[in-house]
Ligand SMILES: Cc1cc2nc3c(=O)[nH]c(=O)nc-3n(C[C@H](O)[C@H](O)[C@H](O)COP(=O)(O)O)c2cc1C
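This document starts with one chain, in the form predicted on its own, laid out as structure tokens.
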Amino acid sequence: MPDTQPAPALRSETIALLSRRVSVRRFRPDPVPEAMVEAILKAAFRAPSSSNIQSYSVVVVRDRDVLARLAPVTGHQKHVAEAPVFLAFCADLTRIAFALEKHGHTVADNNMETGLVSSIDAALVGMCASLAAGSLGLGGVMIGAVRNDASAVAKILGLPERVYCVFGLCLGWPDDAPVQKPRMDYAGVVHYERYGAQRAEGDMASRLAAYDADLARHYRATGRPTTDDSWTHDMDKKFHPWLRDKLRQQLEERGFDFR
């Protein structure tokens, strides 16, 4: 029989770092040294890579004019324009294309798997970079809104065909200490051996009602207005109508086939 007793709290520097992770949107004006960015990225490039394809590239942006052009495309987020440094994590098929062409083949008409693994590669590197930055005292926030208009972001960053920005990371020295948002209950998210085998009591409706209330308390405590059904209300508002319905077409134009 598996041990169903709660495990004692296990701690490590990495677990502690992740346990206190928050999204930081306000930064001090102090610059982030180039040597620090290089150390962060070199560590992040040790992230797992599917079949060692390493199908990612990172654009490091400090130029205020470039950031000022990125901010409107990403929903006019003030922290994009003001971040000391912005890291654009990109899925990049150019090196795969070179390898295939060298051997008489082509990456044209690639399938969904190609675009998917390159996007996952970029995401793994980005999360590792965020973690490495946090270990050095930096703070940041992921910017998925670069996908609001993949074509415009590609133009601003000078991305060639077969490269698109998966997400960005604003990075700098924190100027505030945001209160951590509550997460969904562990026992309601983890399944054992098969989906649906959980140690939590209740159904999805009751679990999400509890989380709605939890998140509503958090937002109100920080002065943010919300509804009583905070999370489910926000999800409905965010995903109906569907987000970024032109994204597939834009990525196909950049050489990624997600069909």
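Start at 1 and count along the sequence shown; that's the residue number. All values derive from a computational prediction rather than experimental measurement.
We do not show the form predicted together with the ligand, though everything after this point is about it.
Novice: Is the ligand close enough to 25, 142 and 183 in the model of the complex that each of the three has a heavy atom within 4.5 Å of it?
Specialist: So, yes: the whole triplet contacts the ligand.
Novice: Is there a heavy atom of residue 79 lying 4.5 Å or less from a heavy atom of the ligand in the model of the complex?
Specialist: Because a heavy atom of residue 79 falls inside 4.5 Å of the ligand in the model of the complex, the answer is yes.
Novice: Is it the case that residue 248, even though its partner is missing from this view, gets within 4.5 Å of the ligand in the model of the complex, heavy atoms only?
Specialist: Answer no; every heavy atom of residue 248 is more than 4.5 Å from the ligand in the model of the complex.
Novice: Using a 4.5 Å heavy atom cut-off, which of 144-152, 90-98, 114-122, 184-192 contacts the ligand in the model of the complex?
Specialist: Heavy-atom contact with the partner occurs in 144-152.
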